[in-house]
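Take a look at this single chain, the form predicted alone, given in structure tokens.
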């Protein structure tokens, strides 16, 4: 990992009316790292993702990618820089076949600029490259699955399709919002090696997840959010041994005691 962070989140806060969803949250992510972000429901995990990727306007704070302030950039500009994301509620083009969902990002400025549809030894038109990418993330090339409408795909394939659309942009960072959610144990077991391979390919990952056992298998470091604030960060075993984190998940202490530990 490099000494300088590839992504730096500095003091971001976000309020929705009178509710403060994020309160002065800061953290760094280094190139090649897998950072897990966990916390109880309503702790601010998805809001962090939305603030980083421009889908929600921050109330205050800054986000830096490779030293450049991307805080005010819209989502498509952030994706064009190489910071991509999946969605907790999948957002494919439901009326298109699975492989055609990849043809759309393969026409993007970033894909054209980086050779995303010709690079990496890939040859052929965008349709072929789309099927190549789907095969890489677990679609059976010789089956009808890549040609099925996205609307007909089960959750496991839709989750992989979300990742594939990110990969079509040749990203530097992929932020996965509950990529394991809704999957069976066998589907998760097949997804874990894929996540590990993405890291080996040099992609930095941020994973927001409730499936902690599976998450801890792949992450280098964990950050815990609670009530919109960063509770702590560190190695998964260290984090889960912390009394404040236990209280946040299991309610063994009062809210005030939890915040006193933070």
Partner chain sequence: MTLPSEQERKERIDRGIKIRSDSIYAMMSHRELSYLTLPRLILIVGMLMIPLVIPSMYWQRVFTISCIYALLAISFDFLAHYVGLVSLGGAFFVGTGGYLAAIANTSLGLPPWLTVPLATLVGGGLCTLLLLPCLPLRGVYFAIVSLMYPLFLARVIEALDILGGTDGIMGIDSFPNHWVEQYFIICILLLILFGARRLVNMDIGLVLRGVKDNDQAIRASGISVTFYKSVAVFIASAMGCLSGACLVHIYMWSGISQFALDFSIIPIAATVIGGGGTLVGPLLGCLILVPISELLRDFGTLRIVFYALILVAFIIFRSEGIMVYGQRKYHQFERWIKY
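Bear in mind the structure is a predicted one, so any value in this text is a computation, not a measurement. Numbering follows the first chain given and starts at 1.
This protein has a second form, the form predicted together with the partner chain, left out of what is shown; the following refers to that one.
Q: Has each of 42, 242 and 247 got a heavy atom lying within 4.5 angstroms of the partner chain in the model of the complex?
A: Not a single residue of the candidate spot has a heavy atom within 4.5 Å of the partner chain in the model of the complex.
Q: Heavy atom to heavy atom, is residue 169 within 4.5 Å of the partner chain in the model of the complex?
A: Flag for residue 169 set to yes.
Q: Counting only non-hydrogen atoms and a 4.5 angstroms cut-off, does residue 108 reach the partner chain in the model of the complex?
A: It does: once the partner chain is placed as it appears in the model of the complex, residue 108 has a heavy atom within 4.5 Å of it.
Q: Taking heavy atoms only, is residue 80 within 4.5 angstroms of the partner chain in the model of the complex?
A: So residue 80 counts as contacting the partner chain.
Q: Hey, in the model of the complex, does residue 100 get a heavy atom within 4.5 angstroms of the partner chain?
A: Residue 100 belongs to the contact set for the partner chain.
Q: Heavy atom within 4.5 Å of the partner chain in the model of the complex: which of 141, 72, 76, 148?
A: Filtering the options by heavy-atom distance leaves 76.
Q: Sort through 83-91, 188-196, 153-161, 175-183 and report the only stretch with a non-hydrogen atom within 4.5 Å of the partner chain in the model of the complex.
A: It is the stretch 83-91.
Q: So which bits of 208-222 sit within 4.5 Å of the partner chain in the model of the complex, heavy atoms only?
A: Contacts from 208-222: none.
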